[in-house]
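What follows is a single chain, given as structure tokens, in the form predicted on its own.
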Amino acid sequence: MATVPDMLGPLNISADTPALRIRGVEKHFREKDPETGRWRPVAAVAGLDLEVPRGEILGILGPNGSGKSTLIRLVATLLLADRGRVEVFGLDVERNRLLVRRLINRVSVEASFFKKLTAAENLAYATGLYGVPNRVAQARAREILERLGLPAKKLSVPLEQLSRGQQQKVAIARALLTSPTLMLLDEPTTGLDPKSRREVQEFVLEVRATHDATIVISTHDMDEADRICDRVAIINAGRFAAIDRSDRLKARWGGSAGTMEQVFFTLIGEHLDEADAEEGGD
């Protein structure tokens, strides 16, 4: 049995229980047919199956509208599946929603903050919800932000005065301060400059190594998926086209170029930037 820490006491979970298990999950939204004007269901996630073992970094790569962000939100208990089952360390995300939320944290491409408050005040509020003492949280926050290349003095600056990249680093620090066992990173490096992007990637690898964390990261960055992920799932139209290690994906679908971009082109039928230009959000 493996012990997973939680505010309500340790959870004794079998060591071979996957960090994340998804079975037959479907999620539909409604959109208006431009020709008839009638509302129709559209599958954002169309019968997905997935297992992520403890300690793995899984990358989800796909164009906008492919379903990757919807999948992240389903795991994060922000959406309810129409069909199927999602489990985090064996806990059903619908039946055990509050308990699951103590085991996960999510960083999205659009970080949500109280923009008038300082970074320190936002972090204090977030960690207070998890019972983390403020003194401990602030000290750890400075350590994390400095590791990510953000000076500690920025903690006293209102969030609205920080750049988008700086806000994203605060969001990552906020997620880590609650010591999540499963981290859900929804395009965490989108919009960051190359140096900041590399700092975040290095820190993700460090967190996995030092915190026994399992990480699911959705991304548009081919190199990012190739570099830091143990496996990569290619998703399109709510379905997985392939899930495997990047070297195996490149060997099978990478063609003569042997790149993740060629893998994507082969499986999806278009380049990622072309797909993004044509599609809406997830």
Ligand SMILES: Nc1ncnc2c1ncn2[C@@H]1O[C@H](COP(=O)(O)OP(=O)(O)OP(=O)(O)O)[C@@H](O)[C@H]1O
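For clarity, every value in this text was computed on a predicted model and none was experimentally measured. Residue indices: 1-based, along the sequence shown.
Missing here is the form predicted in complex with the named molecule; even so, the following discussion is about that form.
Picking from 239-247, 224-232, 66-74, 46-54 the stretch near the named molecule in the model of the complex, with a 4.5 Å limit on heavy atoms, gives 66-74. Using a 4.5 angstroms threshold between heavy atoms, Glu87 stays clear of the named molecule in the model of the complex. Using a 4.5 Å cutoff between non-hydrogen atoms, Glu199 does not count as a contact of the named molecule in the model of the complex. Contact here is defined as any heavy atom lying within 4.5 Å of the named molecule in the model of the complex, and by that definition each of Phe29, Glu187 and His220 is a contact residue.
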